[in-house]
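Below, in structure tokens: the form predicted alone, a single chain.
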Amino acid sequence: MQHGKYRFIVGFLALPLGLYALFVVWPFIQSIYYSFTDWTGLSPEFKMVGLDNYRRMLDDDIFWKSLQHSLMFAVVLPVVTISLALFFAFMINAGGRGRRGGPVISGVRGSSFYKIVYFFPQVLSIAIVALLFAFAYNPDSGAINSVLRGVGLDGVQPLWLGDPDLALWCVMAVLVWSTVGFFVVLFSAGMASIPSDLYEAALLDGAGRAATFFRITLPLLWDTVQSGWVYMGILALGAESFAVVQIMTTGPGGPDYSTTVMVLYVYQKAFRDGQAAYATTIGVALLVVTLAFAAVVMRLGRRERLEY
């Protein structure tokens, strides 16, 4: 059985690893190389400028604003999204009490309907979601201010995306709404694999919903939560935040750079300003931030694995 084992493994891994190196690793290496040049992204000619782009980045106030906003996305969005998803998934799967003749542990009444409602935003493209909420946030004709006027709160008419103090929070709220359903499904799948005997034993000992969640569900689901945390952070730092900010905000990234995130700033410098080399420099910084985020989450979330 051991004869030719390594040749067999290498034969299967050679093609996927080659594709990964060509389409993932090599572009990263190219980006790092171009960050030391003055390449515009259009001309085939460029020259080496050393660390000039990195010095420029450290003196760029807009870069620091975008970094601050990206870090807020990476910290706030996973906390809110994962917390809501855990709560909803627990209530759907184990938040109720069994009825006569049925299982001891079950979801709350109507849990099947709630699963559909929570997952519905995943059916929509993030671009469609961003457009819908851009209309809803319109201060004159948007649905949110119209509801406020309808209930007699005419004096409470925020500008929403036009207010520098509110715009970033409005964007983050949209990302939470659009992504929480995915994690509800993810955590529900994990909770479905937890033996019901553990919940039944906890109920016999007099444990309530909160104790059941923190003593049984969360510890046994921790690996899934940790993976979801890293995945949500990468979404918040990458394509999801770019799409929502690009479509919803004025500028985009406004007002007054109040919603500019790093991935949007990379796009603007590369395709709007024709400064591809400087854009790759910011991209390298974004890569470092993403890797650091994943490393911190994996390190702080390390704990003894529980099996059942």
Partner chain sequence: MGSTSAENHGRPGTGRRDLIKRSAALGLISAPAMGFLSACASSGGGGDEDKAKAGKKTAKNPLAVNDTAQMEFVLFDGGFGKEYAEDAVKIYEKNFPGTKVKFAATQKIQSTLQPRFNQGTPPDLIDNSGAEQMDMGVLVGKNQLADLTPLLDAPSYDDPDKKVRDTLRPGIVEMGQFDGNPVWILYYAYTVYGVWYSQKALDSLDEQYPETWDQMLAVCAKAKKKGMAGWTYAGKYPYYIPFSLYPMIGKVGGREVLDAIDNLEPNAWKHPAVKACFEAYYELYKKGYVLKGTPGLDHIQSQTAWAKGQALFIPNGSWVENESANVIPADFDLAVSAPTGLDSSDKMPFGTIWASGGEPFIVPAKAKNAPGGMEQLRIMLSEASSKNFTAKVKSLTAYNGGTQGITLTPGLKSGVAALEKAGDNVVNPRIQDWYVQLQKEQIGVAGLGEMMAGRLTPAEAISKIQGFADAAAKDSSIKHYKHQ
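Positions refer to the first chain, counted from 1. As the structure is a prediction and not an experimental result, all values here were calculated from the model.
One more form of this protein should be noted, the form predicted in complex with its partner chain, which is absent from this view; the next part is about it.
Among the residues 84, 72, 202, 159, the one placing a heavy atom within 4.5 Å of its partner chain in the predicted bound form is 159. Note on the partner interface in the predicted bound form: the residue among 270, 49, 57, 243 having a heavy atom within 4.5 angstroms of its partner chain is 270. Contact annotation for the candidate site: 117, 183 and 208 all lie away from its partner chain in the predicted bound form (no heavy atom within 4.5 Å). The closest non-hydrogen atom of residue 302 lies within 4.5 Å of its partner chain in the predicted bound form.
Using a 4.5 Å cutoff between non-hydrogen atoms, residue 298 counts as a contact of its partner chain in the predicted bound form.
Contact check for residue 28: a heavy atom falls within 4.5 Å of its partner chain in the predicted bound form.
When its partner chain is considered in the predicted bound form, residue 36 lies well away from it, no heavy atom lying within 4.5 Å.
Interface residues of 127-146, taken as those with a heavy atom within 4.5 Å of its partner chain in the predicted bound form (partner not displayed): 134, 135, 138, 139, 140, in sequence order.
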